[in-house]
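A single chain, nothing else alongside it, follows as structure tokens in the form predicted on its own.
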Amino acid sequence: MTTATTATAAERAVPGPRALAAGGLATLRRQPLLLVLALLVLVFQLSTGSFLDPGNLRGIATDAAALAIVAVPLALLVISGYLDLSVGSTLALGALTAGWLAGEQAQSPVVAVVGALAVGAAVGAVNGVLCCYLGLSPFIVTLGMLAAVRGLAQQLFPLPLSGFGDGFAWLGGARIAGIAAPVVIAGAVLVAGALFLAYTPTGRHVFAIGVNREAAYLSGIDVRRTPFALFVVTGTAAALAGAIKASVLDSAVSGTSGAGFELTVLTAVLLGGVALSGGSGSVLGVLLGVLFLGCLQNGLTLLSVPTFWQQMAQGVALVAGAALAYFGPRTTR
């Protein structure tokens, strides 16, 4: 009796091969992009011979950091049943604001970053009021804001900005415990987003609102305030990503900074299994989507693939992400 009980306890503590295999298959069913990402990395490594070099991997992580910073709050917003297509223009306005404050106004890096965050929060607040409190279509509102914010950036900053100073360069170039600062910031955003969804009542409310807004309202959930806050956070994150990009490049251009970024971040979110209709998704899936796009772009660049083919590949990835978000929940039932 004692021996059998001890054996059972040991099996539970140390899963056997069958249990591990079953767990692995369950993970692949929940996150099919994981297998695709592994195959992509294998193909690029065999094709280039240098894809898995530490320096190249650090470059992928640094380049993907800004995308991850925006993808996490945007994913939460999409899970709640809303959408923000203005993040690319908000990124540009945040980059220009931070660069202008740090460069032409000779303000401290802290003031420059805070100024950018305030601008991004303001854009998010406008989106939130129009969509959450006035009930306008998120697609139409944020599509209009995409053009309006871009036009505002071009009006305020008609000329390219550059030369933001060594202090501001710290944001994009410094290392914290040997890790690039943008990667550390992105990691903090990913952890915060995962903890928010898993361990807070508001995180559960995000899913409830996305699944059935009316039922969530009848359950006592504030169906306006929560997505409004997510709009503000998404705008703030986009401006932060803009400040990071301005720091890395030491320049910002109103017409081109962040151009097409909204499609890239939406692709990452959909590839990560977040349903565009709302109600389902995970931060782990978003991380996989970000890594997939980062690896795809880096690998194609190493192979000297022309830019237009890279754009086509991203477009195909967007369609695949939409299909994955649509059919994924059906195949896992």
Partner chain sequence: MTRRPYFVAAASRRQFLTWSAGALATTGLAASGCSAPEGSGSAKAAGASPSPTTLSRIGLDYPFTQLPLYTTLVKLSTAAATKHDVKLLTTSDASNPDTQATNLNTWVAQKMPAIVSFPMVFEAAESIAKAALDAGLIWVTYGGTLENQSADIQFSFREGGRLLGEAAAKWADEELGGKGKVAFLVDNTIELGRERTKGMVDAFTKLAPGVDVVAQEQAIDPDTGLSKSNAILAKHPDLNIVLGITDAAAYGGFKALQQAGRKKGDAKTFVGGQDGAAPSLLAIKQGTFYRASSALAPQDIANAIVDVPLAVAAGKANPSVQVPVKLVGSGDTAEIDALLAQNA
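What you see is a predicted model, and the numbers here were worked out from it, not measured in a lab. Definition used throughout: the rigid core is the maximal C-alpha set that superposes within 1.5 Å between two forms. Residue numbers count along the first chain shown, from 1.
Separately, the form predicted in complex with its partner chain exists; it is not shown, and the next lines address it.
Heavy atom within 4.5 Å of its partner chain in the predicted complex: which of 249, 129, 114, 263 fits that? Just give me the one. Flagged contact: 249.
Its partner chain: the contacting residue among 188, 159, 134, 176 in the predicted complex [heavy atom, 4.5 Å]: By the 4.5 Å heavy-atom cutoff, the listed residue in contact is 159.
Can you check 263-271, 304-312, 283-291, 37-45 and let me know which stretch has heavy atoms within 4.5 Å of its partner chain in the predicted complex? It is 304-312 that comes within 4.5 Å of the partner.
Close approach of residue 255 to its partner chain in the predicted complex, 4.5 Å, heavy atom: Contact with its partner chain, yes.
Does its partner chain get within 4.5 angstroms of any non-hydrogen atom of residue 259 in the predicted complex? Residue-level check for residue 259: yes, a contact with its partner chain.
Residue 154 near its partner chain in the predicted complex, any heavy atom under 4.5 Å? Output for residue 154 is yes: heavy atoms within 4.5 Å of its partner chain.
Report yes if any heavy atom of residue 228 sits within 4.5 Å of a heavy atom of its partner chain in the predicted complex; otherwise report no. Taking the distances in the predicted complex, the answer for residue 228 is no, it never comes within 4.5 Å of its partner chain.
Can you name the residues of 57-72 that have a non-hydrogen atom within 4.5 angstroms of its partner chain in the predicted complex? Residue within 4.5 Å: 63 only.
Is residue 52 displaced by at least 2 Å at its C-alpha between this form and the one not shown when the rigid core is overlaid? It does not reach a 2 Å shift.
Superposing on the rigid core, I want to see if residue 305 changes position between this form and the one not shown - specifically a Cα shift of 2 Å or more. Yes, the C-alpha position differs by at least 2 Å between this form and the one not shown.
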